[in-house]
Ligand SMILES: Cc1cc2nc3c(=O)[nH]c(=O)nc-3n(C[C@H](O)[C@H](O)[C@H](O)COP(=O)(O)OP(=O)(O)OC[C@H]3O[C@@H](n4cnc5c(N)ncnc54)[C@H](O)[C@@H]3O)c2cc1C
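Next up: just one chain, as structure tokens, the form predicted alone.
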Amino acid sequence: MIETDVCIIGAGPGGTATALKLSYMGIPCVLIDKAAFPRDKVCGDAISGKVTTLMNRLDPQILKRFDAQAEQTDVWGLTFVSPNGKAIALPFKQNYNKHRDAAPGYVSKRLEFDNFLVEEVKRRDNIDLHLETAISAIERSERGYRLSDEEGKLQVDCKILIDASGAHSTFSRKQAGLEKDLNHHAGAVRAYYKNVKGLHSDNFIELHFVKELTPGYFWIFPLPNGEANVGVGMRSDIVKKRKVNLRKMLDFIVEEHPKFKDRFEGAERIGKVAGYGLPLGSKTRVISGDHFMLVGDAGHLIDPLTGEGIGNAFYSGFIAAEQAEQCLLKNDFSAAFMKAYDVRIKRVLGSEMKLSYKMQRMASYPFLVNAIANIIAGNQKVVNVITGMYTDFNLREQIVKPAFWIKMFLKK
């Protein structure tokens, strides 16, 4: 039996971020994962500037070690393609110099990225890491929660349980009460390809709002060694209503769609097509309670527009660690005191996800997306304004207001 103040389930980005933050704050913890690392995780593999910002804030040496790896691609922008085929290249930073500046984003296979984070955990002597350990029972105890593995070799008694075990978390669903809601959930499939033609020289990620997938999208994210993460995603209620087979849709786009078949001619698919579910943060949920908090996908914190989960998992992990510190200082683990976690999550991530949800709904109307693309295309002044939205949330909020686009139209 191990007694600890904090136990974390899941050693993905959310769980490792929580553990590392606690470690640097001087708070020991137990971190448990059922897998042996490195292990694959089905994902789009895009890593936003949120992650690198938090890495650097925690310890610049972590970011330096990550930058020194060869397993990720530096990403300098986004190519947005509307249903009418207008391609708009939007750098994440104006006048960037990729030989001088730090990359604002990355694409890295989760096989590599998650293993990097676990290796960082292993550097810390106050994180008790247990891999290849599947938790089969979680029950309340006098101190908080007691966890047991399938073989009965490990029992952990903790004051605070932090669930970072992902989108299929049993604890999140059965004990915290976060049921799957198809209106706030997305389905996606992805495959790895080698030798896709036409990738941007500065590794811009590509989001294609093709007519057949609206309001979902088709993506191409560049990876090292001439590879790319290629996939499709769509909100789950629409998948069900239209009876869309996302695997067949991916095959159709890659093999037959007139806009893409030439780019994939001669390309080689590496491995199988894999599918996954995305619990979206477009609905407010209670993600804490007596002695527990939910982090990342377990707390349904995926961006409703882009499907990005890694950055929000990192942020929620850092916030959970800071809330755990306050609980330990006050010796208060009640749901009422833990509610401060939900409040901070809503303040830090809620506004952004609310905006993303509005933009997701806008994307449901191809004529509207086409009209916006027509305003942006070929006008550098407008492109510069849109580029600023990557780092300026107040500016990003304007994108859902008709007056903003009227002003942009007049700039033309």
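When you see a residue number, it is the position in the sequence shown, counting from 1. Because the structure is predicted, anything quoted here is derived from the model rather than measured.
Quick note: we don't show the form predicted in complex with the ligand, though the next part is all about it.
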Q. Of these, 327 to 335, 80 to 88, 250 to 258, 291 to 299, which stretch puts a heavy atom within 4.5 angstroms of the ligand in the predicted bound form?
A. 291 to 299
Q) Can any non-hydrogen atom of C43 be found within 4.5 angstroms of the ligand in the predicted bound form? A) yes
Q) Going by a heavy atom distance of 4.5 Å, is I32 a contact of the ligand in the predicted bound form? A) yes
Q) Any of the heavy atoms of A19 lying within 4.5 Å of the ligand in the predicted bound form? A) no
Q) Does G277 reach the ligand in the predicted bound form, with heavy atoms at most 4.5 Å apart? A) yes
Q: Check each of L161, V156, A321, I135 and return the one that places a heavy atom within 4.5 angstroms of the ligand in the predicted bound form.
A: I135
Q: Find the only residue in L305, V75, L223, I310 having a heavy atom within 4.5 Å of the ligand in the predicted bound form.
A: I310
Q. Which residues, if any, of 334 to 372 lie within 4.5 Å of the ligand in the predicted bound form when only heavy atoms count?
A. none
